[in-house]
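Given next, in structure tokens, is a single chain: the form predicted alone.
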Amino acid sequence: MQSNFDDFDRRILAELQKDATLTADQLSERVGLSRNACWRRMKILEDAGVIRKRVALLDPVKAGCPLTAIVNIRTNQHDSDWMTRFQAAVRSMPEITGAYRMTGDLDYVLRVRVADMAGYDAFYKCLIGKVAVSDISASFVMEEIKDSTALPI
């Protein structure tokens, strides 16, 4: 689908990434299309899976989870049973806001949101209780310089 994006599709996607609550009338006005043409394009983008869902982005401080930890995980186990258990553990823990299988020295990197160090300690104990890892370390974010969900369209 991406190779078929034209300027209107890109504008629609850019505007929706800024504010998914825009009405079809507001969106059509911003991108320079009629309401119906804009709605049709949105529907095509949704049906193609380009637009996966529309969500509300919360302020992590006001929501009670201001501390971000970047957790690095190494494992000596790479069999499918371990991977299945690890993926299930990751999906079951709401503190994990991002999980990535990596190339290079690390096996996995997690982005974790918690209230404080005690919250991280509880998270850590829960994770290692669910699945064995050979090494786990965390770095804590001191300042968030950029945190965006918007893709470069």
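The first residue of the shown sequence is 1; numbering continues from there. In this text the structure is predicted, and so the values were computed from the model without any measurement.
There is another form of the same protein, the form predicted in complex with another copy of the chain; it is not shown, and what comes next is about it.
With the partner omitted here, the residue from Leu33, Ala122, Val90, Ile44 that has a non-hydrogen atom within 4.5 angstroms of another copy of the chain in the predicted complex is Val90. Using a 4.5 Å cutoff between non-hydrogen atoms, Asp147 counts as a contact of another copy of the chain in the predicted complex. Although the partner is absent here, Tyr108 lies within 4.5 Å of another copy of the chain in the predicted complex, judged by heavy atoms. The closest heavy atom approach of Phe8 to another copy of the chain in the predicted complex falls outside 4.5 Å. Looking at Met102, you'd find a heavy atom of it within 4.5 angstroms of another copy of the chain in the predicted complex. Of the residues in 115-153, those that come within 4.5 Å of another copy of the chain in the predicted complex through at least one heavy atom are, in sequence order, Ser139, Phe140, Val141, Met142, Glu143, Glu144, Ile145, Lys146, Asp147, Ser148, Thr149, Ala150, Leu151, Pro152, Ile153. Relative to the displayed conformation, the Cα-Cα distance from Arg91 to Asp105 shrinks by 3 Å or more in the predicted complex. Cα-Cα spacing of Val71 to Leu106 is enlarged in the predicted complex versus the present form (difference of at least 3 Å).
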